[in-house]
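First comes one chain, alone, set out as structure tokens in the form predicted on its own.
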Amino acid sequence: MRNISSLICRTAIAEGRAKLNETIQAVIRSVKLDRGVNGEKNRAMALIVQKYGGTSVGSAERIQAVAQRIVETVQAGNALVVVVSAMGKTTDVLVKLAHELSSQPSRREMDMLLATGEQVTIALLSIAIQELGQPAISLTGAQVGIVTEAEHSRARILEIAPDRIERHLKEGKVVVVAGFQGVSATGDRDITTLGRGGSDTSAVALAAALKASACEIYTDVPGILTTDPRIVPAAQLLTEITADEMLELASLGAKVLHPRAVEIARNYGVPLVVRSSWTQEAGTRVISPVPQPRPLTGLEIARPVDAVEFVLNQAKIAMLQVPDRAGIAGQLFGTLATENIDVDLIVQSIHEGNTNDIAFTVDRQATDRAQAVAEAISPVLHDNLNPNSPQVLVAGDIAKVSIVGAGMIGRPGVAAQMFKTLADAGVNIQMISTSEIKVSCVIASADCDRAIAALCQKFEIDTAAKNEGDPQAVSAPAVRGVALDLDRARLAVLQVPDRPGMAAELFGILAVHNINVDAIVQSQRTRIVSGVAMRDIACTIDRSDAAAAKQVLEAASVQLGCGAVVVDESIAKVSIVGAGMIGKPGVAAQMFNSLAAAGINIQMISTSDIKTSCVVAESQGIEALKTIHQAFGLG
């Protein structure tokens, strides 16, 4: 009897201690949560935003697995906001249903329809979390205060009112938010959707508004890889990548993160991590620079240009009528690298007949050596058959001016505004090179001050900065990743009058019709037609825009005095991206030589500080990607 009484007593004491311990832990979590959300005193508490894609929540079993991970994150002492996509292929099913009823369903009604997919997921996930004993609440985009433009199917976020989320977090709840959606700021406050990548965008925007410690993007791959693993199974996982590198890769077709999400992370300094939903591995960290203070109003429609940069004391070397065959660019830039000559911009224009032009810029101190290399290699490139045919032109007194900003991604017309601003200031553009977040123009040094002043005024930048390179590039590998874009077309306008303002006119017309351009190159040779010097201008655009772009430019070409408009849809663009390629001679040459060794001819070249892109035949695109990936030892 005494033993039974003793057992009951010990059990009661143990249960009392357990309840007391649970109470103490609950109080500790409450204190941590309250102070963590408000950014006061106790920094041990982390506020984390997690996003789970459609594959991660594609079934009841997967939702339960996600719920378990969420509860474990909370039990580790974190406050948590979770953003989810629609389950599996739900969005595709809803789109198909709509098109069974109408060939052109209303965009407003499509937003109303598609927003239901995420609402199903948030309710189910909240139920699963609650079943594990963790309080949770599901909220739509409108309920958490995601306010957008009144633009159905592709709205941008204007602002987020985080008050309700913060209130629920203080109550100890996990807040589960429907991604991809918001509510319009004007009119009848209709439901809006954000377009492709909308859930990523929702998650990072919420992290910025809440000043979260991190935003974790959970997906069906282990993180960000050196290239598409479906094409190259040996692609490696990256432990980290800079935001600028990720912007370039995302805009080139890497679908793990949408450029809009990376743009917000970069602009607001949101620590971003891409991880697998199926493992506990660390994934890939996306490192953003320390951001300039900026308001949260106009969150996604902030000014597209953050900085105006310039580089002085440069020279341009142009080689005209270079044979259009595989290996030419590799020979030229391989020789320059052997002589330790660092090349900045490289542009290879579209071919004319069986030749094309290649131009590049170097530091002015390297002008004589670069010119000597170009002149020495010209007869070799022409097989010594006609050594006097090619021409090497040198402009030894040039400068490079650039506009920089993640906000220019997907916004047609920013480059055109730059070109028009320079034309209005009487500045002629000698060379153009573009990337997703930077547009650079080579101009005469004498025009540099005037160009900088005009660009700063146009884009409301206080002071231009001398380009000293990216400090993150010091320890970065020369090539971080390789991307292939098979959805491009090349658009060329032949015989464009060589005078200030022509590039602005052409790209302004495309911008008015909402056609976004990618790589832009301008030929170096001029031809005199009826007493007027003419050049060719080419760019790459989305293949779906090719027919419309050709039509609108042909309609304007007669008035502008231009020649034919030519479109080639059978191209692919392959690119290397790496912050570490700055100041490292030979990186581009390695890319060109690897393509030449595989018998792949380069039809067009465009570069920026951290990216080199080559246009090749579409039929050789996948082979080009595999070749370059292997050449840089990324497998």
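Heads up: residue numbers just count along the shown sequence, starting at 1. Take the two forms, superpose them, and find the largest set of C-alpha atoms that agree within 1.5 Å; that set is the rigid core. Note that the structure is predicted; figures quoted are calculated from it, not measured.
If you look for the form predicted together with aspartic acid (ASP), you will not find it shown, but the lines that follow are about it.
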**Asked** Heavy atom within 4.5 Å of aspartic acid (ASP) in the model of the complex: which of T434, Q417, S199, N78?
**Response** S199
**Message:** So aspartic acid (ASP) isn't shown here. In the model of the complex, which residue out of S85, S402, S523, T540 has a non-hydrogen atom within 4.5 Å of it?
**Reply:** S85
**Fill in**
The stretch from 524 to 532, 191 to 199, 509 to 517, 423 to 431 that lies within 4.5 Å of aspartic acid (ASP) in the model of the complex, judged by heavy atoms, is 191 to 199
**Asked** Hey, in the model of the complex, does F180 get a heavy atom within 4.5 angstroms of aspartic acid (ASP)?
**Response** yes
**Request:** Considering only heavy atoms, tell me if Q119 and aspartic acid (ASP) come within 4.5 Å of each other in the model of the complex.
**Result:** no
**Message:** Against aspartic acid (ASP) in the model of the complex, would T91 count as a contact residue? Criterion: heavy atoms within 4.5 Å.
**Reply:** yes
**Message:** Tell me whether G334 is among the residues that move between this form and the one not shown (Cα shift of 2 angstroms or more, core superposed).
**Reply:** no
**Request:** Note yes or no: does the Cα of G223 move by 2 Å or more between this form and the one not shown after the core is superposed?
**Result:** no
**Item:** Core-superposed comparison between this form and the one not shown, P323 Cα displacement 2 Å or beyond
**Value:** no
